[in-house]
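Given as C-alpha cells, the chain that follows is alone and in the form predicted on its own.
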C-alpha cells in the first residue's frame, strides 16, 4: 500500500472520531460547533503524557480520551439549561477559548538536548512515542481503525439499548421524555462527556501519527465539517458520520477532479441534503427499512 493511501485512510479514520463526537450530540438534540476543542485537548494531553511524562502509548491515548471527557462533561454541565442556538454558540465560544488558550500556553522540558512540549503558536513537535515504540505508519493505521471499529460497535450497541432509545427520544421531544421519567439534563451532560471522550481519543491518535500539532489545526472549520459529516451521512446510525467523512475526505479532497472546488461542492452537497434529506442519507427511516430487509427470514416455497 502506498504512503499516500496509508495517510489518506488514517486521516479518514481519525477525523471520523470527531465526526462521531458531533453526531452523538446531534442525536441528543444538541448542535455543537465545538467538538474540535476536545479533539485538540485530547491531542495535547496524549502528546504531553507520552512525550514529557514518558507514559506508554496506550495510557497516553487513554489520558487524551479522559481529558476530552472531562472537557465535554464540564461544558455539558455548564450549558445544561441552554438549547438550540444558545447551546451552539456556547460550544463555539468554548472551542475558540480553548484554541486561544493553547496559542498562549507553553509547557516544555529539555529532552535529548532540546526543549520539547507545547510552545504556544509554534506548536508541539516531537511527539514520537508511537514510532520509537516500533509502530510503522501501516500498523498505526490499523490501530486507528481497530479503535474506530470498537468505538462504532459500542455506539451501535448503545443505540439498540434502552438508554440509546431514551437519548433519541430526548433529542426528538425532550418534554415528552421528561414526562416519561427521563432525566434529560443528566442524559445530555453524560452524552457531552462521552462525545468529548471520543473526540479526545481521535485527537491523541492524530497527535501521535503526525508527531506535530498546533492550535490552528483545531479551528472552527474542523467543528463545522464534523457537524456536516453527520448531516450528510445520516443520523440514523453511527455509520452515518463515517459515510460523510468518506465522501468529503475520501472522494472530494483526494480526487484531482474536485481540486480547488472541494469546499464549493461540499457546501452545495450539505445544502441539498438539508432540503432533500434533512436527517442525512442514512436517516432513521432508511435504517429501519434496511434492518427489516436484512432481518426478515427468507420464505420457503
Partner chain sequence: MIVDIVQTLLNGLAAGAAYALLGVGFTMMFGVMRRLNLSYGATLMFGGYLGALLASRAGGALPDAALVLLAAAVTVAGATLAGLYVERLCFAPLRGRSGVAAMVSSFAVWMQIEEFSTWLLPLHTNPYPAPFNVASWQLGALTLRPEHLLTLLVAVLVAILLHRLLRASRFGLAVRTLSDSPAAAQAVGIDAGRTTLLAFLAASTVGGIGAWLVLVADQQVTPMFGMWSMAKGLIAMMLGGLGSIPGAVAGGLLLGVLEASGQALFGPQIRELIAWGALFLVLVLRPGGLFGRAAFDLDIAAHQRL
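Positions refer to the first chain, counted from 1. All values derive from a computational prediction rather than experimental measurement.
One more form of this protein, predicted together with its partner chain, exists but is not displayed; see below.
For a residue to qualify, one of its non-hydrogen atoms must sit within 4.5 Å of its partner chain in the predicted bound form; all three of 83, 90 and 220 qualify.
The contact residue chosen from 52, 66, 252, 270 relative to its partner chain in the predicted bound form is 270, the criterion being a non-hydrogen atom within 4.5 angstroms. The partner is absent here, but in the predicted bound form a heavy atom of 100, alone among 138, 146, 179, 100, sits within 4.5 Å of its partner chain. In the predicted bound form, residue 31 approaches its partner chain with a heavy atom inside 4.5 Å.
Although the partner is absent from this view, residue 119 stays clear of its partner chain in the predicted bound form, with no non-hydrogen atom inside 4.5 angstroms. Residue contact check for residue 228: one or more of its heavy atoms lie within 4.5 Å of its partner chain in the predicted bound form. Interface membership of residue 96, defined by any non-hydrogen atom within 4.5 Å of its partner chain in the predicted bound form, is confirmed. Contact with its partner chain, judged by heavy atoms within 4.5 Å in the predicted bound form, is confined among 41 to 49, 238 to 246, 58 to 66, 262 to 270 to 262 to 270.
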